[in-house]
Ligand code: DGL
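In structure tokens, the next block holds one chain alone, the form predicted alone.
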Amino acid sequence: MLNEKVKIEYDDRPVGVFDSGFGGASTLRDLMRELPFERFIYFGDNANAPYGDRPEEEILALSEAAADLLLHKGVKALVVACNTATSASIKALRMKLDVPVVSVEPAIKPACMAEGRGKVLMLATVATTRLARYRALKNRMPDPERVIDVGCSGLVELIESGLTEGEKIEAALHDKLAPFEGMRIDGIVLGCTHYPFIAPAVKAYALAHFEGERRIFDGNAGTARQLKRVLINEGLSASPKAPEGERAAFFTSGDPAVEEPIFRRLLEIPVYAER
């Protein structure tokens, strides 16, 4: 019948999210905001964090193990909330898994498209800046030479310990960013999902020591929008009602008694980036 209503199917299974540790909680904040009816299962591989200084083959193996764990928990889609894991494993995961896989990506494109002629600093783990997927992304920019890669070894460990501000964070930023003091910097890309937690500290340093627009970018909002599109297109969206119980379950390869309180605190930090 022409007037017969089409029945819309929903899928209330959770979405899986994983990272080497707590960094993906910054992505999860955007996912929960963009998709208010979805539930999530988060896995932090804290026992093996950080991934950023590991060989590519090891990162791939750890990423596959994290994906398998979440699939066994019944997730309907997977978000790789780690730039390093994305660069090392996203192609293999998409070939291997039967669920949609969405990943984060350093936000160098919006940074390069924004107004200004100054440099763009891409803050990331050393592994991310070396992997072929990131290098290909950078080479697609109109002016790849404008983007300066800044390997930030040590920052992830500080954030994993629960630090997001204070003298140790400020000293670590000075150590990595001092060579660029006085330069015109129009964009700063937080190319590791841990780094949005220290975005206010990065912004404060930039305002004090750089010239230019000094905008902060991360890829989390884009990842959230992409997951929303994928769930709609695949017919996997949750029913439009308030989810029952906890929206984000937390699992870790580390000690839950130690890790979960840090995860919950980080999850409550407001989102801070150019949108």
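Just count from 1 along the sequence shown to find any residue number. Treat the numbers as computed from the prediction; the structure is a model and nothing was measured.
Here the subject shifts to the form predicted in complex with D-glutamic acid, a form of this protein not shown in this document.
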{"property": "Distance check, residue 188 to D-glutamic acid in the predicted complex, heavy atom within 4.5 Å", "result": "no"}
{"property": "Residue 50: touches D-glutamic acid in the predicted complex, heavy atom cutoff 4.5 angstroms", "result": "yes"}
{"property": "Contact test in the predicted complex: residue 89 vs D-glutamic acid, heavy atoms, 4.5 Å", "result": "no"}
{"property": "Touches D-glutamic acid in the predicted complex: residue 156 (any heavy atom, 4.5 Å)", "result": "yes"}
{"property": "Interface stretch in the predicted complex with D-glutamic acid - options 77-85, 201-209, 136-144, 109-117, non-hydrogen atom within 4.5 Å", "result": "77-85"}
{"property": "Stretch 113-142: residues contacting D-glutamic acid in the predicted complex, 4.5 Å heavy atom cut-off", "result": "125, 128"}
